[in-house]
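The chain that follows stands alone, in the form predicted on its own, written as structure tokens.
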């Protein structure tokens, strides 16, 4: 009953109009034309995260991995814990419920580390994401009149904006939670320093990826194990189509998930799907081969992100087509403007810090630095926020 209730809520609030519209479209194909109107449904904030958290709790109880709680307050705290309720991470009951139930003691190192993550998340959101947004929005809003090189820049800055926006929120949520003595799972682990799509999804939106792997991919691939690699590919593509569809009731998200699933096919046939490692571990620079792989993967990701940004599939294909047909190799004079130059400099600093901490527990884990370096960084980032921060738009993932 709990599964039906939660899935029912999600289907009604988020997907009713999508399926209703599709059903009427099918009727029209067979000549049964009829006038109709969709419902005006107000989507509850954070319903996807709320539903997945509750579904995971119920499935774990059914699988006897955890015991159900008879304390309504503890269950309510687990489901609606305020730092993560709007955009995650999607926490597991087996990890979080014991923290809710046990007495927590104040830890100065954990408290300070939480403040660091909040500072870094704030910098990522209102400096990096918002400066990128000031470049991205004019390009996407008028993409038909832009050159291919400018459109390509739009995809580049949007990929960064999407990452900085969501990872910024996740870092702030995790940091705030640490102030209360509760450890949430890491949601991003420098995903753009990946060399293949499998590694990327181990580092991007980790809480959603692991949820889908545990509750969708693993049971499905087990049931299709007799079909070997074909069964594995069907399981992967199905899982990623659902990952895309989870983001919204729009064919653009379905395509987004489908493409990511298809990108796995070469890895499945090469037997390298499970390869994952920290790039240039213990070194300052990556090898030439690692650098090329990271760049090619990033280009693939940023072109796919076009489906995430536009309103319909047709616009996405138009946008990508124009990149390669409308002056791709022309010099974009826009990069000489102060807005672009400032954003690029800030972005270099952002990428450098993330690169230096790709082997750490989070993107701004600087506890090992001495007092002078730590406080210099705190003040420097605070000044960057003060002078280059822009009015924050709504977090992108609030719509999901």
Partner chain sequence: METLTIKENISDVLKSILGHNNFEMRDELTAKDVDGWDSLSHMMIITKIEEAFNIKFKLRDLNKLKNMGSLVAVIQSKI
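Positions refer to the first chain, counted from 1. Being a predicted model, the structure only gives us computed values, none of them experimental.
Unshown form predicted together with its partner chain; subsequent notes refer to it.
- For the residues 369, 30, 375, 62, the 4.5 Å heavy atom test against its partner chain in the model of the complex is passed only by 62.
- Contact annotation: of the candidates 270, 226, 141, 76, the single residue with a non-hydrogen atom within 4.5 angstroms of its partner chain in the model of the complex is 226.
- The three marked residues, 380, 385 and 389, fail to reach its partner chain in the model of the complex, with no heavy atom of any inside 4.5 Å.
- Of the candidate stretches 289-297, 247-255, 211-219, 177-185, only 211-219 has residues with heavy atoms within 4.5 Å of its partner chain in the model of the complex.
- At least one heavy atom of residue 236 is located within 4.5 Å of its partner chain in the model of the complex.
- Its partner chain is not drawn, but in the model of the complex it has no heavy atom within 4.5 Å of residue 310.
- A residue is said to contact a partner when one of its heavy atoms sits within 4.5 Å of a partner heavy atom; residue 193 fails this definition for its partner chain in the model of the complex, lying far away.
- Shown alone here, residue 173 lies farther than 4.5 Å from its partner chain in the model of the complex, counting heavy atoms only.
- Looking at 198-212, the residues that come within 4.5 Å of its partner chain in the model of the complex, counting any heavy atom, are 198, 202.
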